[in-house]
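What follows is one chain in structure tokens, specifically the form predicted on its own.
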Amino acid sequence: MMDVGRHPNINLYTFSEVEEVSGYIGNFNVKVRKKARFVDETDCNACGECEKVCPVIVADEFQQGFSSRKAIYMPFPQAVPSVYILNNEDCLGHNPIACGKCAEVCEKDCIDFDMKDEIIEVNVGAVIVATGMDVYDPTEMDEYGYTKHENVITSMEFERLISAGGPTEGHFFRPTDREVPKKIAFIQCVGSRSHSATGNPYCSNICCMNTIKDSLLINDHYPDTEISVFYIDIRAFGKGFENLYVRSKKAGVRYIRGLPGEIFEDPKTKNLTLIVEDTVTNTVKDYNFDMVVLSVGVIPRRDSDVVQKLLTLSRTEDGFFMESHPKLKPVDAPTGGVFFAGCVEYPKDVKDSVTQASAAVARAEVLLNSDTISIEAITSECFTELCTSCGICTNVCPFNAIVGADAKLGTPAEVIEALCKGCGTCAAECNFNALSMKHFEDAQITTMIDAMLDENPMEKVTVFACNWCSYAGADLAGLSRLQYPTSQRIIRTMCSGRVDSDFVLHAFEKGAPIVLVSGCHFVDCHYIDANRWTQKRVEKLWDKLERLGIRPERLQLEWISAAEGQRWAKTMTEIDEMRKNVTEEEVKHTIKVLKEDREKAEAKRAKKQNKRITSKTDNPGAEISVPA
């Protein structure tokens, strides 16, 4: 941090937060709110006299509440810049001044009660998201007694207690009696690898090795301490990790395969009794300890929703941010010019975080050293002569790549190609065919539908599959040699959001017995939330089909990921059985009804268009907008 603060080419904004990010790859505008710390950074020499006279005492967050701090304080040792900060919420008040003792003793007059927040605007070409993660709150798991028993602490609290810079200066003891505990238990996977409502299903990656490190640390400082670790299984997969695990067991640490079901406390001695099912011996045993350490997992940042909105990012079902491609672009965000580093993407240790940070910097450097950028030629384009400035496209675009549509001003929509990722949702939602997606145009897709249903349509299932998940899932099913009917005919789209309602109706009008629309799971969409518009569109189609007397079941919607080859095979088998139950009379009725409905809609549209043209001819200076 000190090197960063001294670097001439790095602007370090501490005690600040990003409020707004606009622009696109190579041309971002970032607004940063530099909060008022009420202490002049340039003059403060961190003498500490202000802290000594401050009468306010509150819990120190950095020390996990084991010690206190003043209202004016140094955030943590080696803070950069090494300047005190006055917490406005803790201060007795300075509007009007209720105390002012800190200002009185400051010889350099660094205290400025009139300091205001400052908005700083910077123009950057790339953004690296390295917001880290938060720690799981074990208060939700009441069976471990974290809120009831003082000698039950978290691994983060343990780190502060045993740290030389902690509240006890490295002299480890238990909170109740300040005695060195003789028997310590570590409980693994607290908040991780749990499918209950209070836990998270994923592995937090760092917990096992953190406990092994802590056990060796205690053994080095207090060799007589008995240490037991209760675990599901130990995951020591990194370089040298298995050696540390073996070393820990040789040092006498006892590993018991099983997690406690409940913890009781002796009201006199404050010792703790753990009820544990040993899954190796299939027995339930009681264990007594002086202290219990909960090895808590990690969770996504609690304010990650804000970051997601600022940069229009995608998230996985676990809440971490989703990369553009897990193999080809592991540090790139779906939004161009944005890169990931550290636990913002998934839980990882320091080594992996540093590795990813280096990769993110390298990717950003390649971008910044280029005069131009290359984009995939699958972006959308707007035909301004057809645009009615209704603004639907701007609402559905997950990347905010469409701007300018304003019905009041009559300005047409404009696509910023550097931002567009080619999901095609805008083209599918546009009611006036004013938007088209290159290489996935309406005419191209309808031609494919015509070709596949030209012969023996009753024997085929028309499938629209998204490129990233469903199409890849079908590919996996084929590579895995899974057996399923061959009746499906797949039309690949970049996203299920590209599947226009007209495509589905056209397939039914051409004699398709069954139509399947398939895409990513909601939380896994590579285009943030484009597949949610797919859901809405299909639900409207179900209502329309039912209104026209067509069985809605003939239109199916399935979410299949790239890893679900088995699910693809099962879905295709089930849908093929549904296809066999569709009769030719039912298909003929569908063709007749849809043809009549389409002809009515075309006649109505032509009438509106003629009315619009006539109105403009009669009054050339007037702009008349026709509702959809």
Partner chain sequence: MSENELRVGVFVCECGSNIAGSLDCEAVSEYAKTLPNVVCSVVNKYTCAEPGQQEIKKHIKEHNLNRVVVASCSPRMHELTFRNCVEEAGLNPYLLEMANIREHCSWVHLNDWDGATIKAKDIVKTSVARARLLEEQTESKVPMTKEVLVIGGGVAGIQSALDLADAGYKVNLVEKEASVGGLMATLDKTYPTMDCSI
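Definition used throughout: the rigid core is the maximal C-alpha set that superposes within 1.5 Å between two forms. This structure is a prediction, so every number in the text was calculated from the model and none was measured. Numbering follows the first chain given and starts at 1.
Keep in mind that the form predicted together with the partner chain is missing from the display, and what follows is about it.
Taking the partner from the other structure, the partner chain in the predicted complex has a heavy atom within 4.5 Å of a heavy atom of Phe241. Using a 4.5 angstroms threshold between heavy atoms, Glu277 stays clear of the partner chain in the predicted complex.
The partner chain in the predicted complex is not approached by Gly261, whose heavy atoms all lie more than 4.5 angstroms from it. Contact check for Gly100: every heavy atom lies farther than 4.5 Å from the partner chain in the predicted complex. Heavy atoms within 4.5 Å of the partner chain in the predicted complex are found in one stretch of 341 to 349, 402 to 410, 498 to 506, 423 to 431, which is 341 to 349. The partner is absent here, but in the predicted complex a heavy atom of Pro485, alone among Gly511, Pro485, Pro330, Gly391, sits within 4.5 Å of the partner chain. Interface residue among Asp318, Asp90, Glu159, Asp529, judged by heavy atoms within 4.5 Å of the partner chain in the predicted complex: Glu159. With contact defined as any non-hydrogen atom lying within 4.5 angstroms of the partner chain in the predicted complex, the contacting residues in 1 to 39 are Met1, Asp3, Val4, His7, Pro8, Asn9, Ile10, Asn11, Leu12, Tyr13, Thr14, Phe15, Ser16, Glu17, Val18, Tyr24, Ile25, Gly26, Asn27, Val30, Val32, Lys35, Arg37, given in sequence order. In this overlay on the rigid core, Ile491 has a C-alpha that sits 2 Å or more away from its partner position between this form and the one not shown. Relative to the superposed rigid core, Asp60 undergoes a CA displacement smaller than 2 Å between this form and the one not shown. Annotation for Met458: C-alpha shift of 2 angstroms or more between this form and the one not shown, rigid core superposed.
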